[in-house]
Ligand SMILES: Cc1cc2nc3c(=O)[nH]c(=O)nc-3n(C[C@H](O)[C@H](O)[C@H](O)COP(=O)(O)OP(=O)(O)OC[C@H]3O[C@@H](n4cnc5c(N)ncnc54)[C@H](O)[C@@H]3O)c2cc1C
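Next up: a single chain in structure tokens, the form predicted on its own.
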Amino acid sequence: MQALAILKPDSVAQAIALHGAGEGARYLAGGTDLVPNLRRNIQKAQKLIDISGLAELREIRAESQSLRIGAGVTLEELCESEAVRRQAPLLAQAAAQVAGPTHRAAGTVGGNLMQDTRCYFYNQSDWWRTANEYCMKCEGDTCRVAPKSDRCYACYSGDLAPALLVLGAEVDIAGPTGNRREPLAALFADDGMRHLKLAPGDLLVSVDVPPQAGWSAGYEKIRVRGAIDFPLAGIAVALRREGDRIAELRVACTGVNSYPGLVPGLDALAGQAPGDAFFAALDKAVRKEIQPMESTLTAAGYRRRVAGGLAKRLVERLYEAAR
């Protein structure tokens, strides 16, 4: 593991200033993703800016028009928060499915959202990658998943992002050029190497979730083991029921693309009662949106079928629960 300098800023503004003072800086909070990657020589850094102690990143606050969650809030705190369970229980549900208890005690909201993309050919030890030649994402020039491609197909595997997407969340970002707020979806790009649309020094400060009155939401994922593992496919669903019909429907995916994304084209299903034709159209929309590749231990076709099945199961359950 490379030698590192660790700096502890007193504020977000100071953290950003330290990041800009020289090269090779990375923000560090829980470190459950970054530190293993540094040890494996997958990611590089000369200095780590420890933001885990910044109080302005650790607050959960219920406001008049939103639920504000600091990027430094741990997943354990998210699960246990009464405000989250009351106003956005889907987030507590999704956070509880991340890794194991000790990971959730250290891992943060911001870290889970912005974790590195993953691939069977990338997340290996240095000696393994040397023996099997390097990939495009780390020191090589060829994608081992799609050798003829000019892009990387490493997979995004965060659990909170799809939940926040169907809740219509926005993010607050601070950076050297100022602060901005944007929809969460604007944070991600469909590129395994550059999946975050952040400028150098940008820091995620908080996530804001609008009121969810009238909506029912849920998240499920499939993984090799019942705990610890990243999702092979994960689906979040939020719907609003009126009578026997679904008035509005949102579906988001993770583990099946290089970015977490909302499934487009679901407006056409609004106002319909869920039946065979409805679920056939939903399955078609989900499969059209996702592009699983051979980046995990399971076949891409399996992950594609699972994603459609999870969406159907969640819609059925939430529809009945909203009766």
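Quick note: we count residues from 1 along the sequence shown, nothing fancier. Here the structure is a predicted model, which means the values were calculated and not measured.
What follows is about the form predicted together with the ligand, which we do not show.
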{"query": "Exercise: residue 261 in contact with the ligand in the predicted bound form, heavy atom 4.5 Å", "finding": "no"}
{"query": "4.5 Å heavy atom contact, residue 282 and the ligand in the predicted bound form", "finding": "no"}
{"query": "Residue 26: touches the ligand in the predicted bound form, heavy atom cutoff 4.5 angstroms", "finding": "yes"}
{"query": "Exercise: residue 185 in contact with the ligand in the predicted bound form, heavy atom 4.5 Å", "finding": "no"}
{"query": "Partner-contacting position among 165, 84, 239, 98 - heavy atom within 4.5 Å of the ligand in the predicted bound form", "finding": "98"}
{"query": "Stretch in contact in the predicted bound form with the ligand, which is absent here, among 283-291, 28-36, 263-271, 59-67 (heavy atoms within 4.5 Å)", "finding": "28-36"}
{"query": "Residues of stretch 193-215 in contact with the ligand in the predicted bound form (4.5 Å, non-hydrogen atom)", "finding": "202, 203, 204"}
